[in-house]
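There is one chain below, alone, in structure tokens, taken in the form predicted on its own.
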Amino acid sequence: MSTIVRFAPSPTGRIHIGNARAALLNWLFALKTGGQFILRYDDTDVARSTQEFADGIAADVAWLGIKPARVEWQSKRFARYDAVAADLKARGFLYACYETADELDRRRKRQQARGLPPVYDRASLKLSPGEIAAFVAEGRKPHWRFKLAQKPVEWNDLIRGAVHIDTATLSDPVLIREDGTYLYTLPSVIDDIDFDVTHVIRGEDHVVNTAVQIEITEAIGGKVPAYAHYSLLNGADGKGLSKRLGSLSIQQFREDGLEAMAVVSMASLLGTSDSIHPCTDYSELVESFDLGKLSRAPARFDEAELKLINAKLLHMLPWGAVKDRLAYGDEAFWLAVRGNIEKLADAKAWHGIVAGDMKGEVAEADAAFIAAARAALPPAPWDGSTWKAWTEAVKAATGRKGKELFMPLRRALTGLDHGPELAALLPLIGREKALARLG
């Protein structure tokens, strides 16, 4: 049977680097195993979910190079969830609870004060018909909890190994709110069953919830998927990213001019035994992908490192990978400047230096030297050997060498004291512009 995985964002905001890592690990698993990747919008929170956010997530996923085999919306499946919920109620797996949030909070605090774990005591199962009627008369509407089996749940996690959780230590989870809306747990389990999801790959913050979902899956009569829980991201300082993720959205990376494959490379290799390095396409990542390489230690995400990966990636890219995104220059230009840019947009400044009408910088002390250099300019046409021939002639005429020879020429030709090799730039600038810049 083909493997099937899913990425299930809520369209209540844009996806960030942590979400992207989840999507990419699932996508790489699907590519590696020849399986399917489902994009599923967990939009049961109708009040906060918007089409704008859903469209934004779709754009972010596409920018990352992920191609879902299918797209699903939980908001279109409420009838199915209602049918399963009714069945679970009829069989005693879902039971009504009438406590208010304040009452539950006070109960938890009393338990903690007595040194007891704040686990729900199933008091609602002991209510008499009269007590239930009194609550209803008050206008209370029940929320619905799933009755856990209170037994050990075990699975072989594809990253963490053997996991054992006793659900007797957990509160029966609320699956349906007082207003009848669903928390994500039940729809998620039903969708995984109905869509034949074979592997659930997600963050370690869901480990305990997995034990609950396994029990729900078994109660519904579905097949339990394989689970893999990877470590979450920390910042370069070792602290969690949770409060900073707003500035780390995929949309922001794209608007900042970063390359999609730089983000893909870093997010995919973080927390693995492989070194973090730029990959020009997915082929290398797919070939080396193995869930077993993911460490249980927290992975560190450093924005500075991402920018470095982005620059290294650009330095590797051939002309064919960028020509459709540049409205200027040619292959010779790209090969000359790519090693001196951090973002693709930086190439525009170098094109201005190459093709623009600019005046170079000539220090007063270098005026005679530059005049001699101008007189020694070789005739056209120019090629990659022109720079060496010219500088040798200038050296012979002036006696200068090293930095005293090269730096004034660079400043006069480009206005800068750094940049691409002038052997590559000089033919692009051309003799006419060089003459003008040299005075």
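The first residue of the sequence shown is number 1, and the count goes up from there. Bear in mind that the values here come from a model prediction, so they are computed numbers and not experimental data.
There is another form of this protein, the form predicted together with a small molecule, and it is not shown here; the text below is about that form.
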Worksheet item: Which of S249, S188, T167, S124 has a heavy atom within 4.5 Å of the small molecule in the model of the complex?
Response: S188
Worksheet entry | Selected contact from K323, K147, H315, H206, since only one has a non-hydrogen atom within 4.5 angstroms of the small molecule in the model of the complex | H206
Worksheet entry | Residue stretch of 198-206, 360-368, 295-303, 156-164 approaching the small molecule in the model of the complex, non-hydrogen atom distance within 4.5 Å | 198-206
Worksheet item: Might D60 be said to contact the small molecule in the model of the complex, defining contact as any heavy atom within 4.5 Å?
Response: no
Discussion item. W73 versus the small molecule, in the model of the complex: is there a non-hydrogen atom within 4.5 Å?
Written reply: no
Fill in: Non-hydrogen atom contact A8 with the small molecule in the model of the complex at 4.5 angstroms
yes
Discussion item. Against the small molecule in the model of the complex, would W319 count as a contact residue? Criterion: heavy atoms within 4.5 Å.
Written reply: no
